[in-house]
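As a starting point, one isolated chain is supplied in structure tokens, in the form predicted on its own.
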Amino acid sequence: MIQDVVSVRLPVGEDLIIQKNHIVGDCGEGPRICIITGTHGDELEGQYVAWKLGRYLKKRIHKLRGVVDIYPSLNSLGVSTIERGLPGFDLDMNRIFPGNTESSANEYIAKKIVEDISGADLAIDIHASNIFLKEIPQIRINEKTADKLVPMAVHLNMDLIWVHSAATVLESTLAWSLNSTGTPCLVVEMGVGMRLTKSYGDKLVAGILATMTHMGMLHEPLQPVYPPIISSDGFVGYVNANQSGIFMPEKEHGSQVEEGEILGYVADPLTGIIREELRSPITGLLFTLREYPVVYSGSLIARVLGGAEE
């Protein structure tokens, strides 16, 4: 059933409506899980997940216990106009949560979204990378909530769980707002901006279904999932460009690299010279790699995951 989460009147005489697919199982009351995506208009990887999961559950409604709410597009105007933030405001939607019903229209929308999701047994907030970088399927968890969230995240079939340190800006994100008020929320990051990576989406859908089975929501055999690598900031090596030019990768995204191994070059198309060789700072997994080739001094090129916990 399609339900309206929040509706506001726009100056152009139309209504902006945020909707969800509210799926109630035939097997009685049970847990509630929320699948959320589209907070950034240029992150489209979650659109495929929302579509495929909705189709799957519709065919198996007789095996579902509890409720699944799928929010495919929190920033529907951004998705429609291919803008990362809220069009016309130069504002990142994931920096205005938990919102305020007494403030601007955007903060009102944010508040109503938080209210609608709050109380769920689990929320999964799906993001892609931007147009510049490609990420392997991963879950990012703030260290303050790691004890609670890591045991939930291991069933989601992702390659990596990255437990990162606190940052002030996180306090205005949807995930922080939900976790701080008792609704567990996992942040998924995968793929690249403005694209769909079908294999990554299939992997996450399988993980969501396995998680639902683990929660007692699906009466089906538990799907096998791969155990993720669990790491913290201390195991991540960063590679940034020192020269401007065109980045030419030498290693495949998701491959294993050795310390000192060349990851790629910064080239100058005008003179035909190589301005810089970019080498891995540590031995490990190349889990982030530059996708957009134009780089400047300071541009992030890669992240390499070193030693990690099992």
Partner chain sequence: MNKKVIYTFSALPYRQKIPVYGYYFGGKEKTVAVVGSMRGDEYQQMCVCAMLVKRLKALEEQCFIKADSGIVVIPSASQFSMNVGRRFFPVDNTDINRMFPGYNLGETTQRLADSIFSTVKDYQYGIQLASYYLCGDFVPHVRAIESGFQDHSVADDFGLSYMVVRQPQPIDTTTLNYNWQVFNTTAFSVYSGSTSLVDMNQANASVDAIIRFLIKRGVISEEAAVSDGVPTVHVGEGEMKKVQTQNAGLLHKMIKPGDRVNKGQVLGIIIDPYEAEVLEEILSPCDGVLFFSRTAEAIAQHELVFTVREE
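Everything quoted here is computed from the prediction, not taken from an experiment. Residue numbers count along the first chain shown, from 1.
Only in words, not in the display: the form predicted together with the partner chain, which the text now covers.
Visitor: Examine L300 and determine whether its closest non-hydrogen atom to the partner chain in the model of the complex is within 4.5 angstroms.
Guide: Yes - in the model of the complex, heavy atoms of L300 and the partner chain come within 4.5 Å of each other.
Visitor: Does any heavy atom of G245 come within 4.5 Å of a heavy atom of the partner chain in the model of the complex?
Guide: Close contact exists here: in the model of the complex, G245 approaches the partner chain to within 4.5 Å, heavy atoms only.
Visitor: Looking at the partner-bound form in the model of the complex, is L57 within 4.5 Å of the partner chain by any heavy atom?
Guide: Result no; L57 lies far from the partner chain in the model of the complex.
Visitor: Could you confirm whether L44 comes within 4.5 Å of the partner chain in the model of the complex, counting heavy atoms only?
Guide: Contact with the partner chain, no.
Visitor: Which residue among S180, T213, S118, S172 has a heavy atom within 4.5 angstroms of the partner chain in the model of the complex?
Guide: Result of the distance check: S172.
Visitor: Using a 4.5 Å heavy atom cut-off, indicate which stretch of 190 to 198, 144 to 152, 220 to 228, 99 to 107 touches the partner chain in the model of the complex.
Guide: Contact criterion met by 99 to 107 only.
Visitor: At 4.5 Å, heavy atom to heavy atom, what parts of 62 to 97 sit next to the partner chain in the model of the complex? List them in sequence order, or say none.
Guide: Residues within 4.5 Å: F89, D90, L91, R95.
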